[in-house]
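Given next, in C-alpha cells, is a single chain: the form predicted on its own.
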C-alpha cells in the first residue's frame, strides 16, 4: 500500500506564496499528473513530499504515517528532479543500480532490475559510459531508470521526458505508464505538456499560483473545465462575455454586446446573470459556407500548418480575435485574408461565472 495524503500544505518564499492550503489524496497505485504554468508551485510541491523542503504549515502522510520531520532517505520516496542529479564519477550502470545496492539487494536481483530499467530507457548498450559522455536526453533517461529501480512506495517525476526527442518521448510515455501500473507504484508526474498529461494521468491536478484549480479525470478536465483558466490552459479556448437572456431545458442563451445571441450547454446561471461563454478551439470551425447557430462572419488572419491539423487565427467582426484548430484536409481551400464563417455547436459552449479579477487577468500565464 502507498496512499499519499496532503493536508493544508502551505509554503512561502519571502512575500511569495508558492503553495496555498493544498489538500490532496492520492490512492494506492494511482497516476497523478500535475499540470500548470511556470511558477505554479509544481516542483515545490514535489520537494515538500520528498522531504527536501519543509512546509510552513500542513502535513504529509503516507499510509496514515506522518512524514513531517522524517528525512528524505527514510520516506520510501523516489524523486527524479529536473536537474537529474547523476553521480558523475559513476557509469550508467552504477548510477542505475545505486538504490538497490544501498538497500542491500541480492546481486541477482540488482542485476535483473538494473538490466530491466536500462532496457526500458534504451541505454543498456551505454551502461559503461559516464554521464559526461551522454547527451542531455540520455542523462535524463539514466536518471529515470535510477528512480524506477529504487523500488520506492511513491515515485515523484519532475518533467521526466522534457529533454527527449518527440518520438522517444511518445514511446517512453506509454512504457512509463505501463511500468507504473505493473509495479503498482503510486506516481506524481509534473509536466508542462498537455498531451502528455491527458495521455498518462488517472487524474490531472491543475495548479496555478500555488492553488489547485481542478483535479479530475483527463476527460473531465478537458471537456468540463472548472473555470476559464483551466479551459484555456488545457486545450485553449475562445471566450465571449455576455448576459444570460433565456434558459431552456437543454440550452442557455447568452446575449453579447453586439446584439448577437449564442446558444450553449445548460448551466446553473439564471436569466440576467453576467457570464463568460467558452468554447475549445478544436470545437470551432470555419467555412466558406454559412453555418447554423453560433455563427460569426470573420476574416482569416493567419494559418499555421502543423501536419494533420492547422490552427487558424481569425478576426470576428466587432468581437476581436479567435482561434480555430481543424484537420488540415478540411481547410485546404482556406487562405489568409479570406472571408469565412466561424461557428460552433451549442453543446460545446461552456458557461462560466466571470472571474472576479477580470477575464484577461484570469487567463494570464505567469
Partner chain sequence: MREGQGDTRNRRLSQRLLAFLSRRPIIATWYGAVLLYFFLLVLLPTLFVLSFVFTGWQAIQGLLSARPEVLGTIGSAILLSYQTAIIVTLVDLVFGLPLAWFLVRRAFRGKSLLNTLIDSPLAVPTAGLGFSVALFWGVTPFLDFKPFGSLGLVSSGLLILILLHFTTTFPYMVRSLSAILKEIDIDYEIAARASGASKLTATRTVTLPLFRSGIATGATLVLAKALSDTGGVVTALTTIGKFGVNTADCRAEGELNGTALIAAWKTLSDVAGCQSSEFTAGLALVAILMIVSALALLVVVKILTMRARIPMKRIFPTWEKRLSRGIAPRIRDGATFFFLIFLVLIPSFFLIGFLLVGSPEPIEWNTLYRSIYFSFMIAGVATAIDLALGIPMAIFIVRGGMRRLGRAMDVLVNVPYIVPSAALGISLSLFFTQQRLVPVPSLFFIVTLAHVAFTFPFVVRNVTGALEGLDPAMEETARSLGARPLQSFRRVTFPIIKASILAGAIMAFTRSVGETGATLAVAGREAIITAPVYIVNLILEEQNFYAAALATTVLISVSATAMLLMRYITRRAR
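Numbering follows the first chain given and starts at 1. Throughout, rigid core stands for the largest set of C-alpha atoms superposing within 1.5 Å between the two forms. Just so it is clear, the model here is predicted, and its values are computed rather than measured.
Keep in mind the form predicted together with the partner chain is missing from the figure; the text below concerns it.
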Might residue 266 be said to contact the partner chain in the model of the complex, defining contact as any heavy atom within 4.5 Å? no
Does residue 189 reach the partner chain in the model of the complex if we count a contact as any heavy atom within 4.5 Å? no
Does residue 57 reach the partner chain in the model of the complex, with heavy atoms at most 4.5 Å apart? no
Can you tell me whether residue 259 touches the partner chain? I mean in the model of the complex, with a 4.5 angstroms heavy atom cut-off. no
Pick the stretch from 44-52, 337-345, 57-65, 22-30 whose residues have a heavy atom within 4.5 Å of the partner chain in the model of the complex. 44-52
Spell it out for me: taking the partner chain in the model of the complex, does every residue among 77, 99 and 105 have a heavy atom no farther than 4.5 Å from it? yes
Pick from 270, 288, 89, 112: which residue has any heavy atom within 4.5 angstroms of the partner chain in the model of the complex? 89
Just one of 279, 147, 176, 207 has a heavy atom within 4.5 angstroms of the partner chain in the model of the complex, so which one? 147
Within 3-18, which residues come within 4.5 Å of the partner chain in the model of the complex, counting heavy atoms only? 14
Post core alignment: residue 239 C-alpha displaced by 2 Å or more between this form and the one not shown: no
Does the distance between the two CA positions of residue 100 reach 2 Å or more between this form and the one not shown, the core being superposed? yes
